[in-house]
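Shown here is one chain on its own, the form predicted on its own, set out as structure tokens.
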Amino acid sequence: MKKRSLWGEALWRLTENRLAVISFGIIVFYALIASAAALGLIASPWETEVGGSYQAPSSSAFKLWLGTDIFGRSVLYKVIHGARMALGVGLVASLISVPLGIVLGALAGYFGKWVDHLIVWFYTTLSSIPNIMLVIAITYVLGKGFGAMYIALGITSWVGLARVIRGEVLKHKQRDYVLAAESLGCSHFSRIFRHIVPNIVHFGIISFSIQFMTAIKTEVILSFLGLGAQGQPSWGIMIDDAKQELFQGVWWQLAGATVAMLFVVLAFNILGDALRDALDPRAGRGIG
């Protein structure tokens, strides 16, 4: 029997976890729905009136499955476009924060001395400020909208990963394969990004799923506070609007937004835990 590679072993362990597979399927489903909405293939246009004001959910038409809002717009269409907004923010913020955490953590751990002191001082200062308050402050400075959210979330979410990567690089830089690369005349850049980082990149993969989930929740909070999406159907704005609607017995907008957010956040949470278990180097399954 052919022995699996370490990546193959991790993938096998992941696929053996039924909850992880189901969670991955949910995330893919959300991504497909969000992509179709972005391309105008479904739930378009979301701002068009499709019925009367506060029309209750009905199975008579797809657009009325979750009823309508005060303007007669489809709540289901708004939920779908809210998924597009949430996943977009999660993706961009993670693509900023994860590489940033890997690079800064690797530089701090490898070079040490003043480089390490500077980077550690920087992320220690950032981590001393409550993350949501820092994001809100940056958003206020940069202005409302998705561009500000991308930047605010991206530059405040890398600290935890940088700490982990720094510690791993400190361990790896004295190992035989790195010393062999040094003896062969490999540059510092090559030793860091061609030899060390590929052996610890699994921490970035795990962090990506966690950062994605965190960014979605933060986007909802910012939009709820009026600092996120402007003129767009966000789950946070829908929840904010639903505060007044509940007194009128209109529950479907709140239910649609919260249930949609619950499933995707729970899926990312379960998948993140499964990735951590599959790629845990302390259990002898590190990616080397």
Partner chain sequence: MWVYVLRRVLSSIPTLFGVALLVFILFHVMGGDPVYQMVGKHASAQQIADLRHEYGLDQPKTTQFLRYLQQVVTFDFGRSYATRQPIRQMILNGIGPSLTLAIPAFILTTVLSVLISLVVVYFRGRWPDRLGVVLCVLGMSVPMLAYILLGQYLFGYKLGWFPISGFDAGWPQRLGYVALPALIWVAVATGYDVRFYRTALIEELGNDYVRTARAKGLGEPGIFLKHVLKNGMIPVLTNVVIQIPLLILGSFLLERFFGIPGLGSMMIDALHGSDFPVIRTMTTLGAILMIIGNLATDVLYTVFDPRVRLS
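Residue numbers count along the first chain shown, from 1. Quick caveat, the model's predicted, so the values are computed rather than measured.
Quick note: we don't show the form predicted in complex with its partner chain, though the next part is all about it.
Taking the partner from elsewhere, C186 is found to have every heavy atom lying beyond 4.5 Å of its partner chain in the predicted bound form.
Proximity of P198 to its partner chain in the predicted bound form: non-hydrogen atoms within 4.5 Å are absent; the residue sits far from the partner. Taking the partner from the other structure, its partner chain in the predicted bound form has no heavy atom within 4.5 Å of any heavy atom of I22. For the chain shown alone, L246 is a contact residue for its partner chain in the predicted bound form, at least one non-hydrogen atom being within 4.5 angstroms. Scanning L32, L39, L225, I70 against its partner chain in the predicted bound form with a 4.5 Å heavy atom cut-off leaves one residue, L225. In terms of contact with its partner chain in the predicted bound form, the residue from A181, I132, L91, V103 that brings a heavy atom within 4.5 Å is I132.
Contact here is defined as any heavy atom lying within 4.5 Å of its partner chain in the predicted bound form, and by that definition each of S128, V220 and L262 is a contact residue. The stretch in contact with its partner chain in the predicted bound form, judged by heavy atoms within 4.5 Å, is 118-126, chosen from 91-99, 73-81, 171-179, 118-126. Taking its partner chain as it sits in the predicted bound form, the stretch 250-272 comes within 4.5 angstroms of it through a non-hydrogen atom at L254, T258, M261, L262, V265, L266, N269, I270.
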